[in-house]
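To begin, one chain is listed below as structure tokens, in the form predicted alone.
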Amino acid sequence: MAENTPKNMAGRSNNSGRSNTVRSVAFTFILVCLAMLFIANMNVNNTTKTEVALSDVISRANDPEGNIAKITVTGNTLDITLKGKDQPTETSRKDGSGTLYEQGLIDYCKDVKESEKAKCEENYPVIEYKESVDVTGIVFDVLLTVLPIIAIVIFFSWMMKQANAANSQSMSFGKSRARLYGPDKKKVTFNDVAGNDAAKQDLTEIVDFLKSPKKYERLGAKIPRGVLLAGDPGTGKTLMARAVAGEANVPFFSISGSEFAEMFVGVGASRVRDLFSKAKKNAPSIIFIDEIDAVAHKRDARGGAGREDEQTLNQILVEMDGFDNDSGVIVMAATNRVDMLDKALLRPGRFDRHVNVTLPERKDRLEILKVHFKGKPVEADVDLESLAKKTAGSSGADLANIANEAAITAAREGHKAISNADITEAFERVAIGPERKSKVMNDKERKITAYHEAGHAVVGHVLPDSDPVHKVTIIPRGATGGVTWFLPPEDRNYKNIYELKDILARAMGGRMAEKLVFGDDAITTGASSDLKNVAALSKSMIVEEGMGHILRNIVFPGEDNGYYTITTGKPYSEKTSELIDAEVKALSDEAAKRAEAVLKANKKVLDALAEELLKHETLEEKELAPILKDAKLPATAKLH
């Protein structure tokens, strides 16, 4: 259960896989060949024949008491099968002088009657003449000879290929992994980047530098060495860099800061050298390093010249300050942690331009939404302006996600086009989470939730510097049991102390409503997220914004800026820590008292709103207005 505002919520590589496949195939092939050789050898051993003299064969064949059952004649070869045997066990050869008949081999059973043939064959062998050669046997013999040779050749070829691949990989270990987006790739221009007009204006000069460098050099102006794009995640820094390359129509080398890093010292620096070398050969060109803080964070005394990350950073510093002004290479980098970057990288002569890619304002959000809904079927009454108003503090990536979720929702519901209901569901799903329809609350839990959310809404509606109530629901969503939305009427860059104190008070409205209706001993864990938000905002007001009562106009920089004490590990003393805790408690207590005063003075409104929530579960702004119209601000809840 929580009150809510937009954004401020109250393996291995493919090459390795291919190598493993090749290795498996080769290994299997070799095993098959060895198995064939083994089987063939077994067959050869099993069919070994004893060679006997032809005269002996003829003598036994003509003897009724002889032991020969069959003689198979193929050319000059005789295969002798003995009685009681299934296969030939003896072999013999005739010489070239005359036929076997002439040499004395008589087929006694050749011309006998069929009725007497069986009795004849009991005494004399069957003589069978074959005119054709056994091709199968010859082929098998050839295969037995050739296959092992082929297997050996394939095996050694594969071994050589693997050795060459390993050598090639080691040779290319220090090569840059940057991806080149040239004229053959899809071009991105400023027209594809909605919003961020200020950033685009700053970058227009960079485009002009790349297109017409002589115009500036003639007046003694130097082309900027680097441009640093800084902004929150999802604001479109990478897209902006690609748009610069597209507008200037120059090659665009893109790489992530983490791709320079390796476990081997010197590899990152080698990749930096290779990247800049490629960029110079393709000049004029742009090098874009995304998430540069991964490789260019601050150096300190704990480091050393031998550390891989510091060698990589040093090489970047040298390359950026080393190439000629007329090389036509501009380095662009993106980060959402400028405070982590080394100072040497940020000085003029390296990153000369710092461009802030900010979260989009309302008009920019509308343009971004139009881009992402373009090409999607939407109903005629879809109100993107209302969605742009709701999504204050959202990045371009957030808006793209909402558009995609809206399309998914419409498809899931079987709609032919995206409706306002689909967009609302998508926004709430992205902002908080999906509805947990499977979660069933009993009547007591529903009543507690209704009063909790009604408490947020009544307090937020009454306080003079709070944002208007947009929607209240007691349907569980995400990790919450219910949600109350407050939407600002317009985007604001600053919040004063009165607005922040009203945010604290309305956040305490849920806990105070439970206390007022169910008693101090009956409060639940439903306000845990509210209390965490109150504690975090209160501490931020004291430590970061200088809005304390005693610690007014004093802020304490974090450890990222090098401010910390050895004894406490904090940028302030133990005594100051106690003062901060006291200031935080004072703000929390003040917020609770103001919320309780508002709810006591508007108990009837609180009851009416809770009752409507129990009936309808969700109330929109137009349904809330008549219920809240009689709520008043008591004098005890005013700030003095």
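All of these numbers come straight from a predicted model, not from anything done at the bench. Start at 1 and count along the sequence shown; that's the residue number.
Although it is not shown, the form predicted in complex with adenosine-5'-diphosphate is what the next lines describe.
Residue contact check for K237: one or more of its heavy atoms lie within 4.5 Å of adenosine-5'-diphosphate in the model of the complex.
In the model of the complex, at least one heavy atom of A397 sits within 4.5 Å of adenosine-5'-diphosphate.
Remark: D192 counts among the residues lining adenosine-5'-diphosphate in the model of the complex, judged by a heavy atom distance of 4.5 Å or less. Heavy atoms of A403 never reach within 4.5 Å of adenosine-5'-diphosphate in the model of the complex, leaving it off the interface. Looking at 365-373, 245-253, 312-320, 512-520, the stretch with residues near adenosine-5'-diphosphate in the model of the complex, meaning non-hydrogen atoms within 4.5 angstroms, turns out to be 365-373. Think of it this way: in the model of the complex, adenosine-5'-diphosphate has a heavy atom of just one of E499, D107, E121, D232 within 4.5 Å, and the residue is D232.
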